[in-house]
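This document opens with one chain alone, in structure tokens, the form predicted on its own.
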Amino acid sequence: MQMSSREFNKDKENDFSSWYNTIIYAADLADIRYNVQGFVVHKPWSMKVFKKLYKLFETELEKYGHEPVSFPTVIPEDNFEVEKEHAEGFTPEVYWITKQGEHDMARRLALRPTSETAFYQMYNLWVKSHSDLPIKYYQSCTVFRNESETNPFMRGCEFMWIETHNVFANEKEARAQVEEDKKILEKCAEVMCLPFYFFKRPQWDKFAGAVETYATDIMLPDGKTLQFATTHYLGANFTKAFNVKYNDENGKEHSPHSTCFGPGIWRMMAALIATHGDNKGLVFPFALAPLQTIIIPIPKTGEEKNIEKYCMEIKEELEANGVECKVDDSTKTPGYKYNFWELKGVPLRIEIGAREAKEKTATIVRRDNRDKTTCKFSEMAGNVKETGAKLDKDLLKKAQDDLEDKVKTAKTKEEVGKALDAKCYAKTFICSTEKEGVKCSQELQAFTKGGKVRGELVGEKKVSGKCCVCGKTGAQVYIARQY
């Protein structure tokens, strides 16, 4: 269903879950009524944003030397069994194909939950010499995971993402790629107006088969974090498992080191909706909006043709300058149109009445704060772009300020619980050894009703202190509830 922002009537601050689930359908982003549970139909309004998100990351990846590839959706079961830790980590989530027509298949095929085992099977064939390295490949695709609980754009059985699979001659080059992945995230997140924390996950919570896992978390309004990207240093785990080797300049054989990086395009949509939206509906950044500017004619008897003509002149001028816009010439009232396009999150609205048509001016209204400015037709394109850029800058600043306000220092598990109940991160200490850390982490999670160790904040000075659970020496970490 679609409605106007006046009809929307949901309270984001006090009932985020209801607000989020209603806005997805009210703004016509998705439909869950497809007759396979956990699989979502994506509507045009969301797909336009998804295409921009893909382009944003693909452009940035290629700037840093990544090249696009496309691998099969299916992965044979024996590929999974090559890297034992990885297989054990993902097998419970895998969808298996067991029939080919009417015949049972000799070996099961998996719908890819992630593609390490597909890529490295081919890297075994492609990598022979040091001159074959580095390899920096990515693919834009969907992946499949058997999720018992689903929520559009947050957790699903099929979801959109990009995955890179990179191979380097040595550890130093591979670790440098992790830093590069972080830079790519920072550049793209700025366009999305989304501040994030980049955590090094604890060893007990790393990606199956990785040496180290780094994850990108964003805090949503209900105090739960959403992980929307990960990057992993894999060491030589996968290259050794798949017998990927190269000869150096002296003919000596080595196992290369590798990384993988997964920007979660699907979850980025959830982050955009949750971070920027308000009680009137969606608020999209100007750079990513499915429609950047809506032009609303305000009719006056006897002046309809002049107003309509001027609206089309504005549309043509903006489109000639790269602005995506539309004239709403429907028979609805101007007030209804204002509310409808506010619900849809269009960043800018241009109001055109008889006076504007006569004076060749326009009134520009921002979606986020309803600020109005008036400009001449000759300055229209530049003014719209400038206003859109200012809107994006303000969205990012607001989100950054909100994130900074959502970190509380905690010394005990009781204080951790209070911080989480206040919809914040708890900054505390947890046992640094894997065995003790797991135990204390589990106790803390149970005590706080879902508080999980997100990890050490990358770039923050490392300090140690007393574990908030047992009092032993531990590392400084962030705790939060999560999706």
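Note that residue numbering follows the sequence shown and begins at 1. Remember, it's a predicted structure, so these values are computed and weren't measured experimentally.
Although not depicted, the form predicted in complex with a further copy of the same chain is the subject of the following passage.
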Consider Val69 of the chain shown here, and say whether it contacts a further copy of the same chain in the predicted complex, taking contact as heavy atoms within 4.5 Å.
yes
Partner contact for Asp371 in the predicted complex: a further copy of the same chain, 4.5 angstroms, heavy atom
no
My question is simply whether Asp421 lines the interface with a further copy of the same chain in the predicted complex - judged by any non-hydrogen atom within 4.5 Å.
no
State yes or no: in the predicted complex, is some non-hydrogen atom of Phe447 no more than 4.5 angstroms from a non-hydrogen atom of a further copy of the same chain?
no
In the predicted complex, the one of Gln400, Asn306, Thr73, Thr361 near a further copy of the same chain [non-hydrogen atom within 4.5 angstroms]
Thr73
Have a look at Ala389, Val327, Val407, Met122 for me and say which one sits with a heavy atom within 4.5 Å of a further copy of the same chain in the predicted complex.
Met122
All three of Glu163, Lys315 and Thr333 touching a further copy of the same chain in the predicted complex at 4.5 Å, heavy atom to heavy atom?
no
Would you mind picking out the stretch of 425-433, 51-59, 439-447, 411-419 that comes within 4.5 angstroms of a further copy of the same chain in the predicted complex, counting non-hydrogen atoms?
51-59
If we check a further copy of the same chain in the predicted complex, which of the residues in 131-146 reach within 4.5 angstroms of it by a non-hydrogen atom?
Asp132, Tyr137, Tyr138, Thr142, Phe144, Asn146
